[in-house]
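A single chain comes next, written as structure tokens; it is the form predicted on its own.
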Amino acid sequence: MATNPDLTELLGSVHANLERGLLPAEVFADPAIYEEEMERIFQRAWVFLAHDSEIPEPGDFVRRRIGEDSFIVARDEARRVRVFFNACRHRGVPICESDRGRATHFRCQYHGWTFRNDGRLVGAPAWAKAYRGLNREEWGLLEADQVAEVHGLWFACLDPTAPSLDEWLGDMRWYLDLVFGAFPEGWEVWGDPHRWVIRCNWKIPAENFGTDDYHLLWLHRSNEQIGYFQVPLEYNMEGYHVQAGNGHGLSFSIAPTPDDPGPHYWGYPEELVAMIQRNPRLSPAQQDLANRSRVAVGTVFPNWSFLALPLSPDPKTSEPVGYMTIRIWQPAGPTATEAWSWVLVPRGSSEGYRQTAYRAAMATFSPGGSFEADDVKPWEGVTATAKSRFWLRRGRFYNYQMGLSEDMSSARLVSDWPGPGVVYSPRYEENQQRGFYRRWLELMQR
């Protein structure tokens, strides 16, 4: 790949200024940056694609993307989950046009080449006359180089030399074991994923879900006034930010003690709390953290996020209920992101809980949700300013200096945290956001 002098200079500026808490705005809008991200990050990173419950039976499939490339996530007849590039090996025509379904075979609309759901080429029209000497074993569907799951969450990586998923997750695995391993029988997707386009760069929501809690105090103030929050927002900031390494990060709003008033166990109802308490796979430290957790939100680098918290479908008529949403921030160009959002419910939970949790998610974190509506406008503003000629000439840098030094904020390094990672409290700091871009820069310069 040819060297781009302007790109080299821009990455050099990130390198020179990031540790001072300054980030050039161009990284959120520059087309050259975006093209390199598609190659250097999304061709190398572990990317979330689907939940196990979306493809429970042989033949089930969903269509998803890695970067801008289309893939089929399919469970073959032997129940093995496979990730195929969505293209016929003959001329490269997509072989799947459906977002989800069940199929034993995929057939190309152009010339009819036909592939089993394990990727093998099994035939084509007039095979004996047209291709009888062709070795079918050499022309099966192309597969992702690595595929793995954790707690029913399926990830794929297109780099055969990349570390394993466990190595990629690093310390974040302990927290996924806590949040997604909380229920002995696991989770299932409730309803289809919602999809909508935001006029922002994909990195902005990814870092926001990582550890940006500062925006709660102002951006979501109206939601506090309506009655969505069970504890005041200023009190809610008395939590913890966790840098889990490799660009991953998460944030906990947490009760100071197990007997502190307010929601515990992410606000799940009593029947679900009992499931967590009986779960033998959680360590005592994880059980204590689950007990005290009001909210857990985080991002696995580069673009998969989760959020567990108690909210109400309508604060005037309904009590808050804990629910889980997961989402991917799908790149759709330098200044556009296609958001995908799922609602997960614990297996074995009641129909009443599922309906209430889904309604709460739709009212708050969905394309029409009150919190989502708050978030989208600023994200689009960050991206629009990153294209401004005046800003790039006069301002250029965005400020990520909160918590950079002890005199910059009230946040302090925590030494007695029960889990792994580098932890700060309270949540007035941006160390993890700098860590997100530090990992981004490492991959972009590799």
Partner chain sequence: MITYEQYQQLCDVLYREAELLDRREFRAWLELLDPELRYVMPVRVTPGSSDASSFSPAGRFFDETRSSLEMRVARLETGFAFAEEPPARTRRLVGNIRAERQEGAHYRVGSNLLLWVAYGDAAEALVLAAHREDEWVAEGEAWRLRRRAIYPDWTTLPLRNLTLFF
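What you are looking at is a predicted structure, and each value in this text was computed from that prediction instead of being measured. Positions refer to the first chain, counted from 1.
Keep in mind that the form predicted in complex with its partner chain is not shown, yet the notes after this line are about it.
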| Do Glu380 and its partner chain come within 4.5 Å of each other in the model of the complex, heavy atoms counted? | yes
| field | Exercise: Tyr228 in contact with its partner chain in the model of the complex, heavy atom 4.5 Å | value | yes
| Is there any non-hydrogen atom of Arg132 lying within 4.5 Å of its partner chain in the model of the complex? | no
| Does Arg136 reach its partner chain in the model of the complex if we count a contact as any heavy atom within 4.5 Å? | no
| query | Of the options Phe85, Tyr240, Trp168, Trp190, which one has a non-hydrogen atom that comes within 4.5 Å of its partner chain in the model of the complex? | reply | Trp190
| note | Picking from Ala285, Leu142, Val197, Ala148, the single residue whose non-hydrogen atoms come within 4.5 angstroms of its partner chain in the model of the complex is Val197
| Heavy atoms within 4.5 Å of its partner chain in the model of the complex: which of the stretches 177-185, 231-239, 215-223, 251-259 has them? | 215-223
| message | Suppose contact means any heavy atom within 4.5 Å; which members of 280-318 contact its partner chain in the model of the complex? | response | Pro313, Asp314, Pro315, Lys316, Thr317
